[in-house]
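Coming up is one lone chain in structure tokens, specifically the form predicted on its own.
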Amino acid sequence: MLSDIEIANAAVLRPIRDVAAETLGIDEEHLSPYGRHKAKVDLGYLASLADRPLGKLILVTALSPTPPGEGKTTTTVGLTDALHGLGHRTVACLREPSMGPVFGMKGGAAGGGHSQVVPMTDINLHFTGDFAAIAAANNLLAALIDNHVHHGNALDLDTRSITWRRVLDVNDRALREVVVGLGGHANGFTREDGFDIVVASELMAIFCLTESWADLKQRIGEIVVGYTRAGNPVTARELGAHGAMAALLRDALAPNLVQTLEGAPAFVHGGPFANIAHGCSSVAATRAGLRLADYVVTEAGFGADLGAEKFVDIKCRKSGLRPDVAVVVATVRALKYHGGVALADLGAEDLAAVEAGMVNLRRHLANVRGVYGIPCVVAVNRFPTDTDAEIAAVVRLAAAEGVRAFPATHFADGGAGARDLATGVLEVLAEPSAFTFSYTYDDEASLTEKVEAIATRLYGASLVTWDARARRRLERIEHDGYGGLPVCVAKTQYSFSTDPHAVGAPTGHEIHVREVRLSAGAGFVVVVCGDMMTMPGLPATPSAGRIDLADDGTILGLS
């Protein structure tokens, strides 16, 4: 089979104006084209659609993944193509890839095989410049903070308490902790600082939760950048930064429209990390899709304990959106992994391990239906090494939980390979739901109670413990009036616990909180459990080593 980039480079793409007009009814005058195959859709035009009824929202999530991932993006695209091929007006909503993982360990994030969004190289590299705009706005605020201190510090900002960090869209471990202001008086005050990757920044989360320029500027103004020496929060508004930052993000806020290999429309917009932030594409793109199409297929990062929980408890809570059905992606290899099989041995048939690993998928299904109140199906993303007996076992085991499972081969076969899955999703949507949508916790609960609800209801933990510094930070956040915000738990994606090696569905474990961060502009409190990196490092053999530019301008090696 051809590589992902070979398939993408061989594709014949339709002009984006034709995709917009023929699949979504968007006239060319409402597009801001970036070349022939990608465009932004005018925010004013989208606002004019406010009276249109919303389509059905399909949320793609997964069981706890293996390190290579289980194919949520590929499944999202394959399902979109399948629904599109059945004659339904359907749009995919995906996150924009970060160049850190593209050049690092993961590679690109535009789908794979015959289920990709295109132009794949553009999407993975720079795209329409959204991330550059977010980085510029973020770093402008950082510069204004240091400039304010240098020119007299009228706000009495304590340089030891500055929480706003600089960002870069490249994995670079050497920048995690730095010292700025070296070189004497002319270079400002010397202080400790650091860099995060763009997708881990609060500004990225703000970007993905807002839908208008006015709300964007309001949220940016509420960012807490640090504290005075008296312990009072200092905001971006007090520094006079919010207007200029919003100006830098003006054009970026409009959703990006591209297409799948089979010509279905796709909004690819925003890209917050799925552990340190909420891991969902923008609300603006999602709502635009719901007003323009009958079905929107979107994904939430990592497993249903992380991405789906944050989709429900943060994105839905903030926006009023509601998923009509969830698709839980499972693979034979992930089930065997959670059943105790080593990564190197996942290619061998092992029905006992599939059954043992079902404990992980079973808990995710219980959470999706019983906690979030969303009806669901299972997409069995089939790999070449999967045997018929293993696939049949997954279908049987899911049926025992009262959930229909549909094997899918969209990676190899495109939309045709997800036709059964699409039909199953449509059947669930046509049935009266036996579930009532709900959040994991109430708004009125304390921040501690919210964390405990997630830990006990979703993770199977028996208690939550707090580092003393994290507890003091939490108390300070509540004292400053932010106790009503939802929480965003940052932990490993590989386990229900904070131990990435605790596979299956551990119970009775302890969730230890080591750090608490306020994202006042985004409107949530980040609770860090375990070792979470907001600036990843590069692996021993980075993906950058295989990416190249041919003499004719063709980009090679992306996957």
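Here the structure is a predicted model, which is why all the values come from computation and not from measurement. Just count from 1 along the sequence shown to find any residue number.
There is another form of the same protein, the form predicted in complex with a further copy of the same chain; it is not shown, and what comes next is about it.
Considering a further copy of the same chain in the predicted complex, find the one stretch among 149-157, 452-460, 335-343, 261-269 with heavy atoms no farther than 4.5 Å from it.
Looking at the partner contacts, the answer comes out as 149-157.
Can you check whether residue 370 is within 4.5 Å of a further copy of the same chain in the predicted complex, heavy atom basis?
The answer is no: residue 370 has no heavy atom within 4.5 Å of a further copy of the same chain.
Does residue 402 reach a further copy of the same chain in the predicted complex, with heavy atoms at most 4.5 Å apart?
Looking in the predicted complex, residue contacts with a further copy of the same chain do not include residue 402, since no heavy atom lies within 4.5 Å.
Should residue 494 be counted as a contact of a further copy of the same chain in the predicted complex, where contact means heavy atoms within 4.5 Å?
Taking the distances in the predicted complex, the answer for residue 494 is no, it never comes within 4.5 Å of a further copy of the same chain.
Consider residue 36 of the chain shown here, and say whether it contacts a further copy of the same chain in the predicted complex, taking contact as heavy atoms within 4.5 Å.
Yes, residue 36 lies within 4.5 Å of a further copy of the same chain in the predicted complex.
Would a further copy of the same chain be touched by all three of 313, 358 and 512 in the predicted complex, meaning a heavy atom each within 4.5 Å?
Judged in the predicted complex, none of 313, 358 and 512 sits within 4.5 Å of a further copy of the same chain.
By the heavy atom within 4.5 Å rule, which residue out of 465, 228, 187, 423 makes contact with a further copy of the same chain in the predicted complex?
Contact residue from the list: 187.
If the cut-off is 4.5 angstroms on heavy atoms, which of these, 351, 429, 392, 247, is the one near a further copy of the same chain in the predicted complex?
Partner contact (heavy atom, 4.5 Å) among the options: 247.
Could you list which residues of 525-559 come within 4.5 Å of a further copy of the same chain in the predicted complex, counting heavy atoms only?
538, 539, 540, 542, 544, 545, 547, 548, 549, 550, 551, 552, 553, 555 sit within 4.5 Å of the partner.
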